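Given as structure tokens, the chain that follows is alone and in the form predicted on its own.
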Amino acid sequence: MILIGERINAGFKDIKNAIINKDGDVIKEWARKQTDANADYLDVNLGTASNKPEDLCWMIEMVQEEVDTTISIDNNKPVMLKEAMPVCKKPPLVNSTTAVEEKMNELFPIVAEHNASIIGLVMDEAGSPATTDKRIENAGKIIEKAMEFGLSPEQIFLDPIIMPLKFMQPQAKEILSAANQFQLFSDPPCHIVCGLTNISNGAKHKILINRVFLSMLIANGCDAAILNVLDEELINTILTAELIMDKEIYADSYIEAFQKK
């Protein structure tokens, strides 16, 4: 499982204050904590704290002063990406495009220029899809456009659009079905990613719902998630689900082995 640490996000009060006050120590602390928890990418999200490219670049620089973990730039504005991408020491993951033609034509040239990867949200001008078939149709558009610009399947992360279970319960089955079908587009298949906490939005038993749903997603091909990498039980759930799906070799100490990676 590709773990994308969610915590360097201006939606969290301490990160927003750090951006406003240019307190790099807060950014560095979360970069270190998530890296030590085996994050593969660190999501960097400027949110509503600023709309200045230099502030996004500053966040990336603070992270890279502390760790060498690959950056996930949580911004899809070309003007921001053109400034932020060259700051990244490794080809980043861009979050994200949709299947809208205009948006893809804006973003894919930038992604291709920097040999980056990109998350594709399988939504279009009509908004979030309600059916498996529409998710598959939009995913196909994203893959076709990405390959026009020379991106490989390994550089594409398809997001089936997670809907809150509390408010849109029938959508859960559609999401799982779509994720399963995404694996058939190419060989090797594209990555399948999710913003995990959307499934438990507004629910009482958030932690339990997140863990069970992610296990089910893994069984249907999901191999990446934006999540709290410090949630030890969630990580252990992922490890066990992947073990059951024969993605890892069994050992009595499989959890300990991951922790020592």
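Computed from a predicted model, the values in this text were never measured in an experiment. Numbering starts at 1 and runs along the sequence shown.
Just so it is clear, the following notes concern the form predicted in complex with another copy of the chain, a form of the same protein that is not shown.
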query: Within 4.5 Å of another copy of the chain in the predicted bound form, all of M80, V100 and A126 (non-hydrogen atom); finding: no
query: Heavy atom of N9 within 4.5 Å of another copy of the chain in the predicted bound form; finding: no
query: Close approach of C57 to another copy of the chain in the predicted bound form, 4.5 Å, heavy atom; finding: no
query: 4.5 angstroms heavy atom contact with another copy of the chain in the predicted bound form for K173; finding: yes
query: Exercise: W30 in contact with another copy of the chain in the predicted bound form, heavy atom 4.5 Å; finding: no
query: Sole residue of A49, L230, I209, V26 within 4.5 Å of another copy of the chain in the predicted bound form, by heavy atom; finding: I209
query: Candidate from T197, T69, N236, N38 lying within 4.5 Å of another copy of the chain in the predicted bound form - any heavy atom; finding: N236
query: Which of 200 to 208, 221 to 229, 59 to 67, 39 to 47 sits within 4.5 Å of another copy of the chain in the predicted bound form, heavy atom basis; finding: 200 to 208
query: Stretch 211 to 226 - residues with a heavy atom within 4.5 Å of another copy of the chain in the predicted bound form; finding: V212, F213, S215, M216, A219
